[in-house]
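Taking the form predicted alone, here's one chain by itself in structure tokens.
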Amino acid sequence: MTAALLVAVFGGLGAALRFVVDGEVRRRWTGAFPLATVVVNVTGSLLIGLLVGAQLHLGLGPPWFTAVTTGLCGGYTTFSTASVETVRLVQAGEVRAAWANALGSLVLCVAATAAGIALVTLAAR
């Protein structure tokens, strides 16, 4: 029960954080490309990489690991929105931008996760 409550609390925090970050990026970027969602998903992937590294090398315990990864990162990142935005780009005839969004997001998110794990691994040595 405690784990579920922590996930719910951190999930709400993650959703609120996404709302703020998304709004700040959209205020500065008015192009058709969905940069705000890319920024949210890449930074969320970096955070989960840092957390995985902390669990592996620094002993971050299961309750907090689950609460922050599942709750905060799950509430913060939004791959469903990225999918919808990719489809909307295709519908608008922006096929190159759609491919860039889909493949670019995937590559950047995987790289950010790996970078997060690598950073903690280096720091733990």
Partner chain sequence: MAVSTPRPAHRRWGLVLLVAAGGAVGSTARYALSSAVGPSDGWPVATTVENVVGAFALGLLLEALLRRGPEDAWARRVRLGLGTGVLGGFTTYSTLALETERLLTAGRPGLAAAYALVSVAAGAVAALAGITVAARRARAGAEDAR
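Residue numbers count along the first chain shown, from 1. As the structure is a computational prediction, the values presented were derived from the model and not from experiment.
The same protein also exists as the form predicted in complex with the partner chain; that form is not shown, yet it is the one meant from here on.
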Close approach of L56 to the partner chain in the predicted bound form, 4.5 Å, heavy atom: yes
Partner proximity in the predicted bound form: G44 to the partner chain, non-hydrogen atom cutoff 4.5 Å: yes
Heavy atom of R96 within 4.5 Å of the partner chain in the predicted bound form: no
F79, heavy atom within 4.5 angstroms of the partner chain in the predicted bound form: yes
The partner chain in the predicted bound form - contacting residues of 22-42, heavy atom within 4.5 Å: G23, E24, R27, N41
